[in-house]
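Shown next as structure tokens: one chain only, the form predicted alone.
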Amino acid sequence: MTLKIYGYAASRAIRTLWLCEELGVSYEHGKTTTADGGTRTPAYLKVNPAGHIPAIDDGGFALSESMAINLYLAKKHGKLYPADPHGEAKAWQWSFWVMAELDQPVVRWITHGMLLPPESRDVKIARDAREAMEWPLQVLDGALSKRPYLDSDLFTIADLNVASVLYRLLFVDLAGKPHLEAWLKRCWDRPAAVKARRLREG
């Protein structure tokens, strides 16, 4: 049965859309959104009772949370997933770390610094979010000073998961963090990432 991905491309679903392009996995993209109430329909709540996106239906197996989805799919299809327990643990570490440290600050910073109409922006929220991002971004830049990717010389699910959270940083100045800037561009310039970006950027 074809994998079904729920969630629009400008949401966290972009992470799974990108991964499926990397894996060469065929999928159906159900463009479920919160704006039209699509995440609260009885049909969707059977897939994800929490009513959030993204979620998948993989032949009757329902799963939500973007990092869990991506780790599952990469392991299932045997591509981009580390072969040894140490590499696996590092993939988990980076995936959980980026959600805890950067996901929300990036969203707040971009929303109140760029996306909202000027009259709706809160400068303090944007400033506090940017300050919260600084140390994690320094951590990433330091990790990437030692090798081209997060835990090896090869692109893995860890890189995809972290880079997907930082998509918006492609469009801002990362001066002072040259390793992070080069790595982020390298990840998002991959052919599969370019295809996913087209879905998001139209």
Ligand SMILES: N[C@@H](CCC(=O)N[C@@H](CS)C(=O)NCC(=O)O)C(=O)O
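The numbering used is simple: start at 1 and walk along the sequence shown. Please read these numbers as outputs of a predicted model, since none were measured by experiment.
Below, we turn to the form predicted together with the named molecule, even though it does not appear here.
Asker: Look at the stretches 170 to 178, 64 to 72, 23 to 31, 131 to 139 and give the one with heavy atoms within 4.5 Å of the named molecule in the predicted bound form.
Answerer: Heavy-atom contact with the partner occurs in 64 to 72.
Asker: Does each of 113, 126 and 200 have at least one heavy atom within 4.5 Å of the named molecule in the predicted bound form?
Answerer: Negative, none of the three is within 4.5 Å.
Asker: At 4.5 Å between heavy atoms, is residue 53 in contact with the named molecule in the predicted bound form?
Answerer: Residue 53 belongs to the contact set for the named molecule.
Asker: Under a 4.5 Å heavy atom criterion, is residue 40 part of the interface with the named molecule in the predicted bound form?
Answerer: Heavy-atom contact with the named molecule at 4.5 Å: present for residue 40.
Asker: Do residue 99 and the named molecule come within 4.5 Å of each other in the predicted bound form, heavy atoms counted?
Answerer: Output for residue 99 is yes: heavy atoms within 4.5 Å of the named molecule.
Asker: Along 1 to 17, which positions have a non-hydrogen atom within 4.5 Å of the named molecule in the predicted bound form?
Answerer: Those in contact are 11, 12, 15.
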